[in-house]
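Alright, here's a single protein chain in two forms, structure 1 and structure 2, each given by itself as structure tokens.
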Structure 1
């Protein structure tokens, strides 16, 4: 009996030690993650100016469907999502395959150069892009010098070209981020698989689509979801390059939340509602991507 009691005591002490290690992290997550989520949900059921809020139930959620500014922000964000995410995924995959070639020299330099934009300041690079794509900026100057265009393109002030500028900026910054994931996955693929394929007469094209793509499927799914989440939360580039203009042509959902909270007459309740709209969109797109990838756990 003493042995049993001693064994139970040791087990209890072991559990206590284990919980002591994770308790701080659990408390921090609850305080700084779950508590704000619950408070934001409660706030989304209220409305009013500033902090003079009243409970309105689901009125804010009903308002979303008739809010022309919200609908415009959703359309703009979907354009970024539909155009930019596939480009970024395909470009990152293509670059990673090139940089995984053992015959390529200075691979370390190229990998660092392509990944470097990911660690630059969001505000700093956005401001630089704003000056590069100004009417008298470097981009227009170079295009005119090589006779590609005869007059400056209004990258910032034209609704169409402003969206293109945002897409170029996001692609430049985040392609290297996805590339790193693909590159690490490629280096874990056994070379004997490719050697066997070459012996069987498979071309590089067939190897890519019949070996590389299937083996990278989990990583492609992961980067697709993270890229989708990042695009739905897009804020810095729009805020600092175009300011949401011209005429709200580039306003994203996150910028609209900022405007509701700090630019317009503060309506924190409705801003929280729009925030939860992003959460719903992220869940929907994530589930769709899991289903499209054939993931049984999706």
Structure 2
């Protein structure tokens, strides 16, 4: 009866303790995620320089559609997305299938080697790639030595090749990361499924497309969503390899937000509008990918 006197049942008390355990995290996420998102929404309806802001309604959102720099940044980001994510996922899948063969020798070495790029920081590897792909850098020197090319490729300063350099860099950094996910999913697949397929005379090619891919669908979905979100937020590589150039040929959306807020005369209102554009893109892409995966199911 002690409990009744204290005014709280044991159950209510433990429930309250539970709330106190989660309270710090809840407060922190509200303060550093949700509150800023609300602030950004309010900001996106304002315009002006620095801290002098005035309400302009939806003007900023209208401006998006006529802003050639924003359109260029979106275009670049889409090119990275459409070219790089599929290449990386297919490459990661392919390598993981090769590594999953029980008769393969030096498996541990291959796995560690291909995963190794994930250890580097984005800035560090970006700087290394910038030097490797410089006009007089090692990549050109080697390609010319083996006579694949006769004149150096302008990897950094040509609008087309600069995009290719960014795509090569991201693929180098993240293929091993995705491969580890596929590899661990493959290890959970019962080998007898493949044996049965082999007895039925299914080729390795057929096994890959009719057994492996369908069974790995959830993990492929997961990696394609995380890669898409990552690409939409691309920043470190572009800043450090090409600086967004030449012109705006490699600028990403994140970098454009950074430029609007901290490089040019700050226009925080418009920068917030652009940042909402990324949020909308992320939501649209995630929903699309979920839908695509769901449709193939049915």
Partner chain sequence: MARIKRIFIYGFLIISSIVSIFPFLWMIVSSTNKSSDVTQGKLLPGSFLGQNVSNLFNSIDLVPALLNSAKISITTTVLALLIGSLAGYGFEIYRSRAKDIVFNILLLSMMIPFAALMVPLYRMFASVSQTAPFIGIDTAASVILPTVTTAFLIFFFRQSTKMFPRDMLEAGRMDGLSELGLFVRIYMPTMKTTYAAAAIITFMSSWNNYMWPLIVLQSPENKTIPLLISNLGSSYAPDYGVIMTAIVIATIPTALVFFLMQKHFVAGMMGSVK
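Only the largest set of C-alpha atoms that superpose within 1.5 Å between the two forms is called the rigid core. Residue numbers count along the first chain shown, from 1. Fair warning: this is a prediction, and the values are worked out from it, not measured in the lab.
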{"item": "Selected structure - the one that is the form predicted alone", "value": "1"}
{"item": "Threshold 2 Å Cα movement between structure 1 and structure 2 at residue 262, rigid core reference", "value": "no"}
{"item": "CA of residue 280, rigid core aligned, shift of 2 Å or more between structure 1 and structure 2", "value": "no"}
{"item": "Rigid core fit between structure 1 and structure 2: Cα deviation of residue 17 in angstrom", "value": "4.1"}
{"item": "Shift in Å of the C-alpha at residue 30 between structure 1 and structure 2 after core superposition", "value": "2.4"}
